[in-house]
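There is one chain below, alone, in C-alpha cells, taken in the form predicted alone.
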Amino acid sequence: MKKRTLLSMAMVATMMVATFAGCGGSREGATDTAEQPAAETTEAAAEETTTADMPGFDAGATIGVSLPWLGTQNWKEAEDMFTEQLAEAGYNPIVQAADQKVTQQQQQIESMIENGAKVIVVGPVDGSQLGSVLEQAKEAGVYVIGYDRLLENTTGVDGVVQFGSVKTGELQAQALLQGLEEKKGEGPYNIELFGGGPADPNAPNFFTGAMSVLQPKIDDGTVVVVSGQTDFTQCATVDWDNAKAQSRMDSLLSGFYSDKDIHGVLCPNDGIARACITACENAGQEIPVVSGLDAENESVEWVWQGRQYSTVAKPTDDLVKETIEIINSLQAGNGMPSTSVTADNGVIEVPIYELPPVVVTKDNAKEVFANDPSRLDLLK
C-alpha cells in the first residue's frame, strides 16, 4: 500500500469516489476487472461496458435490509435511514437487525426472500457464514448488496458498498503517529494495539492497513509495543465488545506498565477507544493518544475535549445513499453500475462501491462536520 503523509491524509474530506461508468455486470455480479487496490483503475476497467438492460422490478417493490445489530451508533443510524429513505423512494422496506446472531440473520434473510424482496441489503454478522442463504436468494432472482462488510465464500452477492477498510486502518495509524508527535514529544513511544471482531471481514483489513504504517516505526524503534502483542489474533476484540477491550487493556496495564507510561493505543473503533481511555484513567495513567472509528457522538465530544485524539468518519448517510442509488439502478432495469474496484471473497471477484473515509481530529472537526448539524452541535 502506498504511504501518504499525515497532513495529506488527515485533512481530506472530499476525496472522489470511483466513478460509475455505465451499466455493466450480470445478476451473478461478474465483472471484467481484476482485483485492484482502492482507487486504481486498469485500462479494461476504465472502458465503458455495454450490456443489455437487466430485468427491472416494480417501483413499489419490497426491499430487505438485514443488519448485524444496533449496538453502535452507525448501525442504529443505518436502520433509521434505510427505513425512512427507502419508503421516501417509493419502496416497501423490511429492515431488521440480527442481534449479532448468525442463525437469526439467516432466518431473517430467508423470510425476506419468502416475502418477495427484489433486493436484500446485508450487513453481515459474520461475512463467511451466510453463503447458503445468499445462494437461495440468488436462485430466487434476488439481488444481494453487501453493506459495509464483504460477503465471503459465496456467489450470491452482486456488489458491496463500503468505505475503504485498508485505507481506514492506514488513517488510524497515521493519526496515532501524528498525535504521539504532537502530544508526547520525542519518542520512543510505548503503545498497544487493538483489533476489531474477527468475524467482521473489515477488522483484519483495518489492522493490516494500520500495521503497514506502524511496522516500519516498530522496526526502527520509534514505537515500542511493550506487550509484544502485534498479531491480529492477539489483538482482536471478539464481537467488538467494549467490555472485553477494557478487560484486556486492564491486563496489559497491570502486566506491562506498572513502572512505565503508556503513550498511545491503536483502537479500531470509538467504543473500544473509550474503553481503553477509561482503563488508562482507572490505572492512574495520563491519557494516551488514542485512535478510533465511526465518529460516534460521545467520541466526537471526546475528540473536541482532547480526551480522544482522533476518530475516522464513515458517514452512514453516504453509505445508505450509495446503496439506494444502486437499488434504483436495478429497479430501472439498468443492472449493477460499473466500478473499477473488486475484492476476492474466496469464490468470486465482488464489485466494490468504495467510499473514502476521513480522519477527524480537533483541528479539522468543524471542517469535516460542516454539513452535519447534529455533530457540529457537539463541538462546543
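Since this is a predicted model, take the numbers as computed values, not measurements. The first residue of the shown sequence is 1; numbering continues from there.
Missing here is the form predicted in complex with a small molecule; even so, the following discussion is about that form.
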Candidate site 75, 269 and 293: all three near the small molecule in the model of the complex by heavy atom within 4.5 Å = yes
inquiry  = Given the stretches 258 to 266, 245 to 253, 212 to 220, 148 to 156, which is the single one in contact with the small molecule in the model of the complex, using a heavy atom cutoff of 4.5 Å?
reply    = 148 to 156
task = Considering only heavy atoms, tell me if residue 240 and the small molecule come within 4.5 Å of each other in the model of the complex.
result = yes
request  = Look up in the model of the complex whether residue 302 has a non-hydrogen atom within 4.5 angstroms of the small molecule, and give yes or no.
outcome  = no
inquiry  = At 4.5 Å between heavy atoms, is residue 192 in contact with the small molecule in the model of the complex?
reply    = no
task = Indicate whether residue 202 is a 4.5 Å heavy atom neighbour of the small molecule in the model of the complex.
result = yes
query = Looking at 309, 143, 91, 206, which is the one with a non-hydrogen atom within 4.5 Å of the small molecule in the model of the complex?
reply = 206
